[in-house]
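Just the one chain here, the form predicted alone, laid out as structure tokens.
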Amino acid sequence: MKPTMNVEFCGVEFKNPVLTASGTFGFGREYSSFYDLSELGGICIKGITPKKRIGNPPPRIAETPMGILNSVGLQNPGIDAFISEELPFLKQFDTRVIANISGNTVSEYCEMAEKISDSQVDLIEMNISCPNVKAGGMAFGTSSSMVFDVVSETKKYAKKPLVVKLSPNVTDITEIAVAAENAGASGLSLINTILGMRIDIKTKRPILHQNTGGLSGPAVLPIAIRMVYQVKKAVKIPLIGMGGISCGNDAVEMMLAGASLVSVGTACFSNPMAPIEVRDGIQKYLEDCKRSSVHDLCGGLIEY
């Protein structure tokens, strides 16, 4: 008998634990030509903002030895266009849709949470790596007090489960996680990208127009696993693990560290089939270990 792959997360049933990570899958249209999106546990859409954004000027992608740097700058059509034009396309498929929202003020997060809650999305992922314009541009997610304030206010307007996406660019990620939990977060997702930089030695200029960008890909996997492990010990709410996952074994590691769901991101750029291969890899691991359910993995790490 094949192991069961369904997972309940924040009261929502997922057919399998594999999601696509925000910012790497767009709104699914391009990838739908490779496979039926109903095969996925869920799709976390490209981050949306209150109004349309054209993003940062190029160059805004740079390769690294084991991943990429990006400073795309949240290019997106805006929340209204997403609801009217992109969401109907996604709802054709038998998969969960997670809306990723980004704002520059507390009120923007609240307005977006309220508006998106009235749509057909299943969960809301709140990107708190955005600059708080009222705090001198400091990212919401780098201060426990700011995290508590923005999450607690946004929670009042969210009628769907609110998952807070944590930035790794902090001294102690568990402090941020606990602040989000205390503010009412339904769950947490981690990690977002790690701040990095590359330089063109011929021109002596940064490769990215914005100088720095977010590092993702296989290089960040050990860091992501470590942070999921630490956060799992610090909070009681469930976790979505992401950061460098490119095969089933990577996902199994992330789940053993404490993730209930996993997201595949950068791997999709070089291998569009990566999320499906990750799902199949998890199932094969369970079969090889003679496990009956994917639930056996979550937090199953045996410590020394």
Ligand SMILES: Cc1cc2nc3c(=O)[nH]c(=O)nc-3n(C[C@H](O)[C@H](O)[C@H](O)COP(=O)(O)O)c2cc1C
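The first residue of the sequence shown is number 1, and the count goes up from there. Since we're looking at a predicted model, the values are computed, not measured.
Omitted from view is the form predicted together with the ligand, to which the following refers.
With the partner omitted from this view, the residue of I240, A257, V264, I43 that lies near the ligand in the predicted complex is V264 [heavy atom within 4.5 Å]. G47 is the sole member of G47, G248, G28, P50 with a non-hydrogen atom lying within 4.5 angstroms of the ligand in the predicted complex. In summary, the region of this chain contacting the ligand in the predicted complex, judged by heavy atoms within 4.5 Å and restricted to 174 to 182, 230 to 238, 191 to 199, 81 to 89, corresponds to 191 to 199. When the ligand is considered in the predicted complex, G187 lies well away from it, no heavy atom lying within 4.5 Å.
Using a 4.5 angstroms threshold between heavy atoms, Y35 stays clear of the ligand in the predicted complex.
Looking at L74, you'd find a heavy atom of it within 4.5 angstroms of the ligand in the predicted complex. Using a 4.5 angstroms limit between non-hydrogen atoms, I68 touches the ligand in the predicted complex.
Contacts between stretch 17 to 54 and the ligand, counted in the predicted complex as any heavy atom lying within 4.5 Å, involve A21, S22, G23, T24, K46, G47, listed in sequence order.
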